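Taking the form predicted alone, here's one chain by itself in structure tokens.
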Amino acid sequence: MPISPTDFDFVRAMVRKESAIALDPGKEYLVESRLTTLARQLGLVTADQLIEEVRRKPDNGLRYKIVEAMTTNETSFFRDVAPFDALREHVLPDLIARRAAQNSLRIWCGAASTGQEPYSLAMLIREHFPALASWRVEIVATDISREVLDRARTGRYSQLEVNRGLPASMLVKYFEKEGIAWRVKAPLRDMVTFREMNLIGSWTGVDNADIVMMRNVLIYFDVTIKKQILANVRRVLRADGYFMLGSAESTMNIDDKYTRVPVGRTSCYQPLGL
């Protein structure tokens, strides 16, 4: 039975309040599918029963589980390739030259999901910038979902997951076999710090970032929240730092205090006033 308009509006409002994710009309099928799966995991039968449980007792922990269920965690190693080429060919060499006196870099992945993006960054640095071994390099990876962060911290991936975007040479070099799965080796795992963070909550521990990766995140928010996030990024990003969005995202017509920097087959953004 399809989710009722009343239940859909209830879930929309709850998810909007807790995460700012906008569930537009037409997403009823998505809500129904994901909440039915969650309901069955919790020993219920239907999404309707799950929603009724939340209505009956709002503080029973189900609100958070529903918000988690509605977040999208599509990712892969070296996803889209072009941003990683830009990092290797322009962004990191530029920042290394600028930070030579400080010997430190901070990179923030603002939607880390199950960890493929921050681990890809760690591999990129190890492969192409050996001089950074003597630097203080911080990769801070955050996400709203505790479940995906728990997975990311383990660094454990299925054969299917490592087949998505990860070169065989890097698999052999940076992973070890664990049964039928693969696990990121400890030295690489140690390069990444995973933390829970809601982008509409408090932004702590990500200030003075040299690079902010927030790809394929803004597409889930309305314009008001996009403006809030972009303003906050400008606050934590260093004046000559780089901000990377997804290929379908832009600061244009949302925040006029950024300048677009074409880099190879993609673009980065920097705060105006450099």
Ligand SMILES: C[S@@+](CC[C@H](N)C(=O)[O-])C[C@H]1O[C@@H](n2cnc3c(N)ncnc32)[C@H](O)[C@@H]1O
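In case it trips you up, residue 1 is the first one in the sequence shown, and so on. As the structure is a computational prediction, the values presented were derived from the model and not from experiment.
FYI, the form predicted together with the named molecule isn't displayed, but the following is about it.
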One stretch from 172-180, 127-135, 185-193, 75-83 that, in the predicted complex, holds residues within 4.5 Å of the named molecule by heavy atom: 75-83
is_contact(Met123, the named molecule) in the predicted complex, heavy atom dist at most 4.5 Å: no
Interface membership of Ile107, the named molecule in the predicted complex, 4.5 Å heavy atom rule: no
Any non-hydrogen atom of Thr71 within 4.5 angstroms of the named molecule in the predicted complex: yes
Contact label in the predicted complex: Ile139 to the named molecule, heavy atom within 4.5 Å: no
Contact residue in the predicted complex, from Thr154, Asn198, Asn103, Asn163 (heavy atom within 4.5 Å of the named molecule): Asn198
Among the candidates Ser33, Gln228, Asn216, Thr46, the residue which, in the predicted complex, approaches the named molecule to within 4.5 Å (heavy atoms): Asn216
Sequence-ordered residues of 219-233 touching the named molecule in the predicted complex, heavy atom within 4.5 Å: Tyr220, Phe221
